[in-house]
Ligand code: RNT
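Have a look below at one chain only, the form predicted on its own, in structure tokens format.
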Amino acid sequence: MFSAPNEKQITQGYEHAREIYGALGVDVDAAMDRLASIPISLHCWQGDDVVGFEDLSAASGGGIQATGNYPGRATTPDQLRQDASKALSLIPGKHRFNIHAMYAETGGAKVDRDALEPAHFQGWMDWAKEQGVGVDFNPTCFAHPKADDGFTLSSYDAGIRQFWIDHCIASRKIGAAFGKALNSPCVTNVWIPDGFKDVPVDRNRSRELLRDSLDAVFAEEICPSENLDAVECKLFGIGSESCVIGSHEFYLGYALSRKILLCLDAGHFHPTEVISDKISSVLAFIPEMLLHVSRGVRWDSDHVIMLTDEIRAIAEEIIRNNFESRIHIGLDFFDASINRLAAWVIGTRVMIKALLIALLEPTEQLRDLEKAGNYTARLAMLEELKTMPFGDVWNYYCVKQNVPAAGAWMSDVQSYEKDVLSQRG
């Protein structure tokens, strides 16, 4: 069921595909080389259901909820790193890892979030160096007693606001420490759950408070070779159905005026909206941006991504416009109803497949047809490309990157589940 073609079959398939794509003017080898240079940032919270390693009792808050109870959840930092290492070994290319502040290791001491330091993430730094991956970071402005009413940086309580300001400042310093230690800029992304369940009277005041809090967070300049700041918008969440303070318009204006990154999450908009259409609009005015690629189902439900039209469209926008140096691609889903490690592998490989498909497109030919107003030929070519043998190129790329081709990786996951995950009780 999860077997793959043998090496001879893979090579033969690749040579056939290279010839077919070559007839369209596509350099398949150059496409694979370019693909290998694009990192995807895997998210730590898929491995443990967004639990973290704190000893703070609070409601989860902010709509953060993983559903399901599949056996083998990581319950320690070492287990989570072990699972992530296994997942990375099954994914072609060199990638990144995204950590939330609540995954700190404090040696058993109670350290509140406003007092976190780079030293509390030394284990993650050591692991990242060993894996040869960069790290991205996030302040954790939820699942904490000071976030139980659903407000953090926009709270009317000045003391609450200051706590979260201090936490975000600490997070930026931790991000910079990762960037310096790993010689790769860390993207530190701020998302908050703030919003109203019912229609507010004074949403303007809440947004003024958020703006001022963010200005305090970002007041200290940090070298962009170490840390890149991002802010993330959302349409609604549990407890903020009627008004999210950090809306798309708010953060678009903030990122543009403060010259920081804007994060677009594929699950944070109305079900009829897509972020692929927003990418070129944002990058017309903002130098860089962050993507959180997920799959919303009816609402912001963060499902494991599949090779859908929208995932392909996101990849096409990136590749067609040579945006890969300006866009930081991260994943953001958490599904506890299936093997968590497999979710990482499936989702990341899907994103890479989408990028490969875009790289195998004869974009200049399509542009020429579009400029000439020949929309009939453009549509015909786009449809014919859908049945081109990209799968043969994908299998060859996996072999070149020393990871299992096709579905053969699932055998590794099944063995890992039997030998490791099932032993966790």
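Position 1 is the first residue in the sequence shown; the rest follow in order. All figures in this text were calculated on a predicted structure; none of them were measured in a lab.
There is another form of the same protein, the form predicted together with the named molecule; it is not shown, and what comes next is about it.
For this session: May I ask whether 18, 361 and 396 all come within 4.5 angstroms of the named molecule in the predicted complex, judged by heavy atoms?
Result: Not a single residue of the candidate spot has a heavy atom within 4.5 Å of the named molecule in the predicted complex.
Exercise. Can you say which of 329 to 337, 196 to 204, 86 to 94, 122 to 130 gets within 4.5 Å of the named molecule in the predicted complex, counting heavy atoms only?
Worked result: The contacting stretch is 329 to 337.
For this session: Answer with one of 142, 151, 344, 164: the residue that has a non-hydrogen atom within 4.5 Å of the named molecule in the predicted complex.
Result: It is 142.
Exercise. From the list 388, 38, 50, 32, which entry has a heavy atom within 4.5 Å of the named molecule in the predicted complex?
Worked result: Exactly one listed residue reaches within 4.5 Å, namely 50.
Exercise. Taking 4.5 angstroms as the cut-off for heavy atoms, does residue 113 touch the named molecule in the predicted complex?
Worked result: Answer no; every heavy atom of residue 113 is more than 4.5 Å from the named molecule in the predicted complex.
For this session: Please check if residue 136 has a heavy atom lying within 4.5 Å of any heavy atom of the named molecule in the predicted complex.
Result: Outside the cut-off, so no.
Problem set entry | Partner contact for residue 191 in the predicted complex: the named molecule, 4.5 angstroms, heavy atom | Within the cut-off, so yes.
Exercise. So in the predicted complex, does residue 349 come within 4.5 Å of the named molecule, heavy atom to heavy atom?
Worked result: Close contact is absent here: in the predicted complex, residue 349 is far from the named molecule, nothing within 4.5 Å, heavy atoms only.
For this session: Any residue of 89 to 108 with a heavy atom within 4.5 Å of the named molecule in the predicted complex counts; write them all down in order.
Result: Contacts from 89 to 108: just 100.
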